[in-house]
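The data below hold one chain only, encoded as structure tokens and taken in the form predicted alone.
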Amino acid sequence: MRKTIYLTTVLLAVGVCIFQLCPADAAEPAATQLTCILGAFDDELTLLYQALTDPKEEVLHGIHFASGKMKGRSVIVCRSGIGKVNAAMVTALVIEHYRPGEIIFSGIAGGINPDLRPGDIVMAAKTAQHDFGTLTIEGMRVDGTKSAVTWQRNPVFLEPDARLMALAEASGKRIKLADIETGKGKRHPKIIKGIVVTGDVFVASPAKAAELRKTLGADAVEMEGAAVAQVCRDLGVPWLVIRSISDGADANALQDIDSFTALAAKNSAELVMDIVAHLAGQAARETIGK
């Protein structure tokens, strides 16, 4: 009897130790059949919300998440809010609660590359926080942040998941975006790989735009992408940032963003939906192959 009690006690103690060392949350794998799509504000997400079939809504800590099917794939669509803090908070929340296989940010941006016009798209091959670093007498030196997970210095430029970028490039070659009417006639939107930089300021300054182009090689500037990228990198979730140009980050930016947000948001969303369709097809082929 005493031996039985002793063995039971030992087994219970071992079980408690195992549970403490391996909590259920840490052991739970990512849901690779689920894609999360973020946008900073509702205008960036209108087309994506409309594309959901059998949509459902869940509210976590006051943040609204819409779930459903898009192009045959399970997706979560969510407004992150404007700025790096809002974007980082919502990204961490969606990773913890939904464990998506990947996160894609879709939205608008100011064009810094002089060859870009409203409606053109930049697929972020790199992204960086242009307002994080050291301000010296010589000016701003951009640094990488230290990871909250490893306490190691992240690189200044973060690069997206290679598989997602390859899918984006394939979609960019295949997708048929509508021509854009201009004062000089119609033009077809460009889709390029480029550098997208992020900061907690709306850039409407030719001097600042030129500085970002010179120091960071930036093609576009926005307010969320690098924050999403940092959280995803630190928590091990593949990510991709897609941005369509709404303005020139210049003296006319505030007027142009009102004129071209709908066009830019639509083009970005259409490219993202084609990427999602690829993800759905890829997942289906993998399932058949098992």
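In this text, all values refer to a predicted model and were calculated from it rather than measured experimentally. Quick note: we count residues from 1 along the sequence shown, nothing fancier.
Although not depicted, the form predicted in complex with a small molecule is the subject of the following passage.
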**Item:** the small molecule in the predicted bound form: contacted by all of 38, 75 and 95, heavy atom 4.5 Å
**Value:** no
**One residue of 257, 52, 237, 263 in contact with the small molecule, assessed in the predicted bound form (non-hydrogen atom, 4.5 angstroms)** = 257
**Fill in**
Answer key: of 149, 210, 201, 170, within 4.5 Å of the small molecule in the predicted bound form (heavy atoms) is 201
**Contact stretch among 66-74, 242-250, 53-61, 226-234 - heavy atom within 4.5 Å of the small molecule in the predicted bound form** = 242-250
**Item:** Exercise: residue 108 in contact with the small molecule in the predicted bound form, heavy atom 4.5 Å
**Value:** yes
